[in-house]
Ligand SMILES: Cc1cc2nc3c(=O)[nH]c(=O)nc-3n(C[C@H](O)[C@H](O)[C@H](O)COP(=O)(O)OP(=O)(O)OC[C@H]3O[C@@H](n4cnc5c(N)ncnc54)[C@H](O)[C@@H]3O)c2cc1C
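In structure tokens, one chain follows: the form predicted on its own.
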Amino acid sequence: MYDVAIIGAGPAGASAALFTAKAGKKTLVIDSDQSITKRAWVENHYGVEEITGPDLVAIGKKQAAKFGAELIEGKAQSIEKLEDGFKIVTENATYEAKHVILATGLMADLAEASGIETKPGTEPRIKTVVKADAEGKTNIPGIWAAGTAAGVSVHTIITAGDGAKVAINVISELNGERYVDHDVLKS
């Protein structure tokens, strides 16, 4: 069983995976390779002069993998509650995790199919988002939402930050105390 399964590897999902894996949590990322960021040209992402969306997505995945996140390609079809965690069913396999982070971008169909509450989106062209509180919690304890899927702005810098925020909250819940990840320069 994984500590955390993240569905989606765009900026929100890869950022969440980077934090959970770096914190030593057994992390699975299920990615359908449908991130809208793959069509983007980005010049407004702090710390990056300019980058293509595909390159940004690839770097995010590479960073998460560096710390041990397991990335698999597939489309999650359903999430089912287990006694201790969740079962995620894809078209080819089944996975189990204690917590699930939905970072599905524009797609709310998995949430709807799994009994997770949704609400109307507020961003242009985004009809439905997952209903989540400020921490990223959904109506089902242990299932979280981050990024555009959770209703935040579609800008990559914002969705990446939201993915990190939700990951910190999940790690904190798993640890039973507030988690902080600060590295320092070595002298």
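The structure displayed is predicted, hence computed values, not measured ones. Numbering starts at 1 and follows the sequence shown.
The discussion below concerns the form predicted together with the named molecule, not included here.
Engineer: Although the named molecule is absent from this view, report whether residue 39 comes within 4.5 Å of it in the predicted bound form, heavy atoms only.
Structural biologist: Heavy-atom contact with the named molecule at 4.5 Å: present for residue 39.
Engineer: Quick one: is residue 4 in contact with the named molecule in the predicted bound form, heavy atoms, 4.5 Å cut-off?
Structural biologist: No - in the predicted bound form, heavy atoms of residue 4 and the named molecule never come within 4.5 Å of each other.
Engineer: Could you confirm whether residue 170 comes within 4.5 Å of the named molecule in the predicted bound form, counting heavy atoms only?
Structural biologist: No, no contact at 4.5 Å.
Engineer: According to a 4.5 angstroms non-hydrogen atom cut-off, is residue 159 in contact with the named molecule in the predicted bound form?
Structural biologist: Answer yes; at least one heavy atom of residue 159 falls within 4.5 Å of the named molecule in the predicted bound form.
Engineer: Have a look at 64, 143, 130, 30 for me and say which one sits with a heavy atom within 4.5 Å of the named molecule in the predicted bound form.
Structural biologist: After the contact test, the surviving option is 30.
Engineer: Which of the residues spanning 160-187 lie within 4.5 Å of the named molecule in the predicted bound form, based on heavy atoms?
Structural biologist: Sequence-ordered list is empty.
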